[in-house]
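So here's one chain in two forms, each on its own in structure tokens, numbered structure 1 and structure 2.
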Structure 1
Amino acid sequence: MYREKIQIKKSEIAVGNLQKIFSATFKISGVKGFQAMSLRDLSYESGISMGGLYSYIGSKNDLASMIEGVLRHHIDLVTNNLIEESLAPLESLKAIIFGALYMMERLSPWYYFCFMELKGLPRERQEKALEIELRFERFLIDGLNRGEEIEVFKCENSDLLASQITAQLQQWHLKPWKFKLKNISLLQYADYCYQSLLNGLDLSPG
């Protein structure tokens, strides 16, 4: 995604160092916050020299932009693939919910960073963080509207229902300790979120 901006052109070197940079960023952000993190902190934690860091990122703002861009890319990739599957409305909504939660599981530090850290940055970066949430919410709304249009179900307020489900899904990456404490599995929570969505629909519109 960012090969034009990265000075290191050997992919095996670049990918390995980017992994170190992202992992170090997530670790430091979790302890002291991204705003308080300096590039010197990042250099020490990642084991990459200051000069080496500038071969990949020009600034902390560039780094935040890369993290947000990667997460947005993966969300779009999954949602676009679901569209191409042409699933029936209820199957599509279930796939959206399960897909979102499995992405959150695999990309947990990326979600947490974009949700918690970007909101403390300049307005432009805050808007990018909000856009990630809104893009997913619009995809959910489109699925609800499609089901209503072909009379599979009725939805009194697709905007509010989509917002409710989105907030419910976000708990998985915001409060993982709570689910571990209660021994709730990812599959159990995905089923619960899907059932919550069904409870907000009238499945006998005729």
Structure 2
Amino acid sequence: MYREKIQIKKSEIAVGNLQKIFSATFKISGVKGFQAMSLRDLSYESGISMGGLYSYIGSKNDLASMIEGVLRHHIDLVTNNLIEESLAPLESLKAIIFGALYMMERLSPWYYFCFMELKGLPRERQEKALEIELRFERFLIDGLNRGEEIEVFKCENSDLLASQITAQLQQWHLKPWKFKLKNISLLQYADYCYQSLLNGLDLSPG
């Protein structure tokens, strides 16, 4: 990705420096926010000079867009894999929940950034970022509706249940301190979220 936009030819160097830039961005904007982060801050934290930065990022806004793009790319990959597996409704819903949490764990700063710094992105990107959430919810709703059709369970309010689950999952990257404070592991939380989903359903006997 972004091979054309970046002025550095040797991909080894480029990837390494991009990583430095991204993680420095996450570190600083995690503390003071992306808007408040100056490129001088970024230069200092990443160890790359101001001039050097511009071989990689084009502009400050561009940097935010890149981050959003990378995250969306990853999510698309995983989503497509899940679709191809075509599991039974409940199994599929479970896989969505566990998969989403696993992604959030691995890409936690990316998610957090895209949630909190949405307004920093250009309008077009903002909408795409919201689309991520909407697509995810529709994915859940599909699973719920399919389950109802096959009569595995009943669900009165699939819209609200889906957004409840979405909100719960987002907590994992939005408020990691809560879970550290109470010593909740990823798996425990995934189980709990899946349980909440089941609690929102009328499971048919058996």
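The term rigid core refers to the maximal set of C-alpha atoms that superpose within 1.5 Å between the two forms. None of the values given here were measured: they were computed from a predicted structure. Residue indices: 1-based, along structure 1.
Exercise. The form predicted in complex with a further copy of the same chain: 1 or 2?
Worked result: It is the second structure that is the form predicted in complex with a further copy of the same chain.
For this session: Using a superposition on the rigid core, decide whether the Cα position of residue 145 changes by 2 angstroms or more between structure 1 and structure 2.
Result: It does shift by 2 Å or more.
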